[in-house]
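Subsequent text provides structure tokens for two forms of one protein chain, presented individually as structure 1 and structure 2.
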Structure 1
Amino acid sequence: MTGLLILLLFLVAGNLLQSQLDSPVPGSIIGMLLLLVFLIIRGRAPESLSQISKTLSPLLPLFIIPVSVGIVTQKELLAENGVALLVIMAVSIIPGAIVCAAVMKAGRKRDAE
């Protein structure tokens, strides 16, 4: 339970900071960065946190289903632009993938020399 408490503590802190600073970065992301800093300073992840992480990770997709089902409210938009959207998503992967893999490989070649 301590693990969940830690997560909620940082989430609440993140949300509070977000509204206080009027930040465009979402509160949960601020909470995540705060927790990351905490872990770096502490030097290792508390056992309770690793535990809750193991428990919740497989359930992650389940928590996304409700908001995703909202797609039923976007039927007109999809009927109108569905094909264009699919093409955009397929095409835009190609340059990104090549750039990413090329940079990763280029760097390594230099190292080997």
Structure 2
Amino acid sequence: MTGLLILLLFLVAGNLLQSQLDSPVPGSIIGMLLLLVFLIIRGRAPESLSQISKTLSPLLPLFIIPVSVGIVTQKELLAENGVALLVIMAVSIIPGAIVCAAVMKAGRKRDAE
């Protein structure tokens, strides 16, 4: 339960910062960035956070369902902006892939030591 509380605290902190700064970036993203900074400073994840992450990771595909439903119900919007959305998705994949590769490489180095 402590790990879930940590995740919720960072979510709430991100939402508070987003509302205080009137940022266009969603609070959940700000919370994830705060969590990332926390983990970098700490050097490793608390055991409770690692445990809840392992529990929640298999459930991540369920979060795709609302997006899929949104796409189906917004055909007109997709028809108007489909090309722009595809470009945005293609460009946004690149930084995500680079960050994932760097994290995996750092994790392998740490495991080897």
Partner chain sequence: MLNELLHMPLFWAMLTIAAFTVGQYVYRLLGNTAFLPPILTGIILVSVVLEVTGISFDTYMEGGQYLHLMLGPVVVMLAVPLYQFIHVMKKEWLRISLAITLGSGTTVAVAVAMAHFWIGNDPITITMSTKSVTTPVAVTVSEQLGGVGALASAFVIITGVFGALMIPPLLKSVKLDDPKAMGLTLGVCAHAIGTSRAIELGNQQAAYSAMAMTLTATLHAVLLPLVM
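Numbers given to residues start at 1 and step along the sequence of structure 1. Keep in mind the model is a prediction, meaning the values are calculated, not measured. Just so we're on the same page, rigid core means the largest C-alpha set that superposes within 1.5 Å between forms.
- Here the chain appears twice, and structure 1 is the form predicted in complex with its partner chain.
- Relative to the superposed core, E47 undergoes a Cα shift smaller than 2 Å between structure 1 and structure 2.
- The Cα position of Q74 differs by 2 Å or more between structure 1 and structure 2 after fitting on the rigid core.
- After superposition on the rigid core, the Cα atom of A101 is displaced by 12.9 Å between structure 1 and structure 2.
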